[in-house]
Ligand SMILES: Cc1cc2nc3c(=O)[nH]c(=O)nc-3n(C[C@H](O)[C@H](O)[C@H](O)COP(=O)(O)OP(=O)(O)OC[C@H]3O[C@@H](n4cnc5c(N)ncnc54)[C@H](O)[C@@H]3O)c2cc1C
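Coming up is one lone chain in structure tokens, specifically the form predicted on its own.
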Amino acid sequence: MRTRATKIEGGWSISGTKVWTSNAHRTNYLIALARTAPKEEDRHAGMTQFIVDLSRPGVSVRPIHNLYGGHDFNEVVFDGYFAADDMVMGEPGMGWKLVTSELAFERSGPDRFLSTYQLLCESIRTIGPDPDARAANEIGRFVAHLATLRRMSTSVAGMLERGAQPAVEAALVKDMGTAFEREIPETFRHLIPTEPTLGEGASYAELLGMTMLRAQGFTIRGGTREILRGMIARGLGLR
């Protein structure tokens, strides 16, 4: 945590940089986590969340283009950005508690196992109603995994609705879900003889090619696999 917010009259002055902010170029507001007090014995203390209006001075969004020229990610730079006191989320110092609560929503949601759903459906259509034994086995396995992940996701959603903080359960959904997402393109590119290409997904070859390219980052977003498995091990008392 290097982005800092310093208390000034009527609010806070924020300076720092955040890299890999998804879709910041399409939004009007974002939530920023900044350090508002020195790091002491508790490394999670002294963090605060702010609502940021991207139309105000002191904040800029710089594009980060990926290998195929797409623009999904951004670098957000704060240079003395003024955040009024009423733009603080909760209370100063509550930032880490809010972040961990939000991550349970992010890590367990359907976007953590449905990123390659379109490719799964199109692959099943391409194979047709009479798959060979290997294709039938893989399709059945993926559909069973999808149903299980959906049930796990809705279970976590129910826990969140009841006010619980299922951090370990959400981490488990995310780890299993992103592994599922990455396996789909790798499996079907061997089952269906296709030369993957890049494009908008108008053809099966484009859909396969773009999914293969994007799938490499699925296990990174929302917390890397290594971090999540450490959380799961700690929650199970294994470390």
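All residue numbers refer to positions in the sequence shown, first residue = 1. Note that the structure is predicted; figures quoted are calculated from it, not measured.
As for the form predicted together with this ligand, it is not shown, yet the points below apply to it.
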**Message:** Under a 4.5 Å heavy atom criterion, is residue 13 part of the interface with this ligand in the predicted bound form?
**Reply:** no
**Prompt:** Closest heavy atom of residue 73 to this ligand in the predicted bound form, within 4.5 Å or not?
**Reply:** yes
**Request:** Using a 4.5 Å heavy atom cut-off, state whether residue 25 contacts this ligand in the predicted bound form.
**Result:** no
**Asked** Could you tell me if residue 18 has a non-hydrogen atom within 4.5 Å of this ligand in the predicted bound form?
**Response** yes
**Request:** Sequence order please: the residues of 212-239 with a heavy atom within 4.5 Å of this ligand in the predicted bound form.
**Result:** 217, 220, 221, 222, 223, 224, 226, 227
